[in-house]
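Coming up is one lone chain in structure tokens, specifically the form predicted on its own.
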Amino acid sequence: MKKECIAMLLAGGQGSRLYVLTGDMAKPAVPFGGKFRIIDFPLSNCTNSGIDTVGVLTQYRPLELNSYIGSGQPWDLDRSDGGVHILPPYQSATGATWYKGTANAIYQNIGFIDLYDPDYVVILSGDHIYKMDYSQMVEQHKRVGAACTISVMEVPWADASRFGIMSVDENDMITEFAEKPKEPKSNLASMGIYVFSWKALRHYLEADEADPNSENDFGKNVIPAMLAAGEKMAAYRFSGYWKDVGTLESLWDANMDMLARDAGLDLLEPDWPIYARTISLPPAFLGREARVEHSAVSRGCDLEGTVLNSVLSPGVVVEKGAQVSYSVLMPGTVVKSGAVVRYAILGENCYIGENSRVGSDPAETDPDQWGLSVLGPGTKTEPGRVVPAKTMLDRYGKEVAR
């Protein structure tokens, strides 16, 4: 069972900043880009990087995520000597607890990691959209003899206080690390992707768990402890596309980036495919009067109306006379005739009644009043209803505060 490297994928987040979209599912299970879900990206990166053993740590409303991953077959992770494993919190002889933090989640699964006796462990988040070859990061980690390597990228100085920020020397070895500092000394931000030498990480996880004052978090506790102890810690610079889709705006932005060829998110690249579970639906149907421009249209869509600059997931229906623009429609959404949807995110199985209006164009709205309109999964609007910009509705059609 010996493996040189395995991955542990933290996929248990509630995704509270996605509000109604994650009321019934974990954030990594949220649909993205038409045919995909967010978790497809780290799973595909593992497969493409040659990592064939992945532990997926789930916690918040895991049913849909667990069902989606299944045996791991779409990502070539249905293996008898590794593959993908769902790792929820469990009860032991000393009791049961939820995962208290990112470090505690890994600590609770030390037994699983020890089964494979790895030299290196890659720690990943399940809510990022990006393509990365982890094997290159592991090779740098081995070459410099680091105990920990952190993937980093430069961010705008105005955003630096939102990230874990590090200072490095001329060899990109980390000299300082601060988690979300008010006055950052650098704009080199952690991406939440780590490579650890397992023996070192195991030691620090046990020490962290024994500390009653610890928050059991990598950024707040484990990494600062390793740095304070003089461990060799390296930064791995990443220059490709990467986005944390933990907010409604960033989720919408990433979907729009997928439509823009110059944004860096090319999902048609044959050398680094993003795999997903295939849905058995017929090809998309476009009626004679349908108008579709600069949009992504998935299997099973039935389009008779107008779709502009939008992302449509499988099974979406846009009836004759309906208009959809700059919007993200998740699986099974129906837009009835005469309805207009603009700058919106519609959750799974939404139903937009005839002649309804959802969202508005920013050019036609007071800047202080404009924002994305968001409807939670299963929301139905009665015919003629107007859902203003910056409005969010739950499945019962009631307005929800952000």
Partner chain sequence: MKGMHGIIFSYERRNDLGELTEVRAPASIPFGGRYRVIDFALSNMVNAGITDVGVVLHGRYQSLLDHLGTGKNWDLSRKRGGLTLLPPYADKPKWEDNAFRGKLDALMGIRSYLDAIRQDYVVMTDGDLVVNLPLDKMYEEHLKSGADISVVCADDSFAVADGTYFEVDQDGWVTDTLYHIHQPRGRRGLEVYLLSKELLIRLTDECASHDQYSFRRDVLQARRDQLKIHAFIWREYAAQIRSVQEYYERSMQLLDPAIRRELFCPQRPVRAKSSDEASSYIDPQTHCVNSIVGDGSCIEGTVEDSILFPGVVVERGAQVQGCILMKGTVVHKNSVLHNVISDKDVEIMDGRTLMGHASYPLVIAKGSKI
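These figures come from a predicted structure and were not determined experimentally. Numbering follows the first chain given and starts at 1.
As for the form predicted in complex with its partner chain, it is not shown, yet the points below apply to it.
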query: Contact residue in the model of the complex, from G55, P62, G371, G33 (heavy atom within 4.5 Å of its partner chain); finding: G33
query: Interface residue in the model of the complex among L115, V155, I86, A290, criterion: non-hydrogen atom within 4.5 angstroms of its partner chain; finding: A290
query: Its partner chain contact in the model of the complex: Q73, any heavy atom under 4.5 Å; finding: yes
query: 4.5 angstroms heavy atom contact with its partner chain in the model of the complex for K199; finding: no
query: Its partner chain contact at D302 in the model of the complex, heavy atom, 4.5 Å; finding: yes
query: Distance check, R79 to its partner chain in the model of the complex, heavy atom within 4.5 Å; finding: no
query: Candidate stretches 239-247, 316-324, 266-274, 119-127, one within 4.5 Å of its partner chain in the model of the complex by heavy atom; finding: 266-274
query: Sequence-ordered list of residues in 268-304 near its partner chain in the model of the complex, where near means a heavy atom within 4.5 Å; finding: L268, I274, Y275, T278, I279, S280, L281, P282, P283, A284, F285, L286, G287, R288, A290, V292, E293, H294, S295, A296, V297, S298, R299, D302
